[in-house]
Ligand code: COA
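First, one chain by itself in structure tokens, the form predicted on its own.
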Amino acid sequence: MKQPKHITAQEAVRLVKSNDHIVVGMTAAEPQSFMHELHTIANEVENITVSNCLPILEAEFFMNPAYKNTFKLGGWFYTNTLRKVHKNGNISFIPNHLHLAGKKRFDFKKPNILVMSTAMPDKHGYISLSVQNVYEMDAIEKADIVIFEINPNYPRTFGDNQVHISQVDYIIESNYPVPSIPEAEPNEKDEIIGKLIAEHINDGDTIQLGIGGIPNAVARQLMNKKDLGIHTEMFTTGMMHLIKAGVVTGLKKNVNKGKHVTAFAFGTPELYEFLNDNPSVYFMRGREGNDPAIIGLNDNMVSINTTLEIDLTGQCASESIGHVQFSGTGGQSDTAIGAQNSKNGRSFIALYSTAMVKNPETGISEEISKIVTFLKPGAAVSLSRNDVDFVVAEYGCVSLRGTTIDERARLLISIAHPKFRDELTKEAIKYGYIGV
């Protein structure tokens, strides 16, 4: 039986050839040893493309503009790490829906090398992909070279995320902690929005939550519910609390009954401890678990996402501020559409009614409405107006399902900050959204 060769990170980067496409693990599965060494071969190769998603590691090869002529980086989802260095000119966003992110990228540019952090091999010779299974398994199956950074600190998880050691070409032994994030503490607005959403969630529903103050507030408001299920792209610390409290059992789900389905996990050290050797959490490939058709197989599916800005027709700009890429579509469309495919399913888009933004002319921060007549010029529409269901702000929750432009404009104005409602109404009439 084929056995992988144990090498150092320094040796691993010298497997890279000019014109290679390197795919690295997402978020906490970033291969830290490999990525910290990659810049050292800048003078030996040319035209290297790296594809990543939700990066947290500030690696020299893309942070330092001195290497921009050697390394190009394509990101499926921007974080502050990429936002800071997008101006270098060698970093570009990959438009995508999460369930097709890997397939479409790999159809366009075959992965030559896949590198990611994983759990340790078990006694049967299988290696768990641990906290990630969004596009990584698909890349493993397509890549010419597979390199794992095995790490005893990474939890052993279960699902469609087991790779036999014979499928791995090289192993780097590492020992850094799993990257973590603290639980975001909900603020007053988060708590109001969380309560408004929780009022629409019933015992036995299956939920999808994201990360941040609003999703955490929703999770807290669900502590009095019973027999909830989880089918989500991201498994969070808030979900762990619901399971530990007995709120989430998964016993009312139509499919994957009793299993908490996810594509990746990111959270606190306590979350990773909970995931370790826990067969109730099932890591499904992103292209399957986030497929709207599969999401919709569970009755009473509820998706909860956030947006940066929404216009009066219902278009959601959730990933860019005007023309500036801020994050990514991720699974927003996947889960919103999937939930509405479900029998009795519901989809929620949440946002604060206002934001404080610095006026470029005066340098003074001003309060602006996030419910607007028109999106900012160049804004990417992450969720089309055809696919918006419930919209929630701290001033209320409205359903846009089946509404006309006139009806939805009036509904959205009703949950805007009171100081902006008159102006929004005047503009809606001016541009023909609302009839007189």
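The numbering used is simple: start at 1 and walk along the sequence shown. Just so it is clear, the structure is predicted and the values come from calculations on it, not from any experiment.
Keep in mind that the form predicted together with the ligand is not shown, yet the notes after this line are about it.
J.: So, Y170 and the ligand: in the predicted bound form, are they within 4.5 Å at any heavy atom pair?
T.: Outside the cut-off, so no.
J.: Given that the ligand is not shown alongside this chain, does M356 nevertheless sit within 4.5 Å of it in the predicted bound form, heavy atom to heavy atom?
T.: Yes - in the predicted bound form, heavy atoms of M356 and the ligand come within 4.5 Å of each other.
J.: My question is simply whether G314 lines the interface with the ligand in the predicted bound form - judged by any non-hydrogen atom within 4.5 Å.
T.: The answer is no: G314 has no heavy atom within 4.5 Å of the ligand.
J.: Does R385 reach the ligand in the predicted bound form if we count a contact as any heavy atom within 4.5 Å?
T.: Contact check for R385: no, nothing within 4.5 Å of the ligand in the predicted bound form.
J.: Please name which of the stretches 178-186, 210-218, 144-152, 131-139 has residues with heavy atoms lying within 4.5 Å of the ligand in the predicted bound form.
T.: That would be 210-218.
J.: Taking 4.5 Å between heavy atoms as the contact cutoff, choose which of F77, F274, F71, F266 touches the ligand in the predicted bound form.
T.: Here the answer is residue option F77.
J.: Please pick, from T306, T81, N256, Q340, the one residue with any non-hydrogen atom lying within 4.5 angstroms of the ligand in the predicted bound form.
T.: Exactly one listed residue reaches within 4.5 Å, namely T306.
J.: Can all three of T373, V381 and H417 be found with a heavy atom no more than 4.5 Å from the ligand in the predicted bound form?
T.: No, because T373, V381 and H417 lack any heavy atom that approaches the ligand to within 4.5 Å in the predicted bound form.
J.: Only counting heavy atoms and a 4.5 Å limit, does any residue of 252-281 reach the ligand in the predicted bound form, and if so which ones?
T.: Contacting residues: none.
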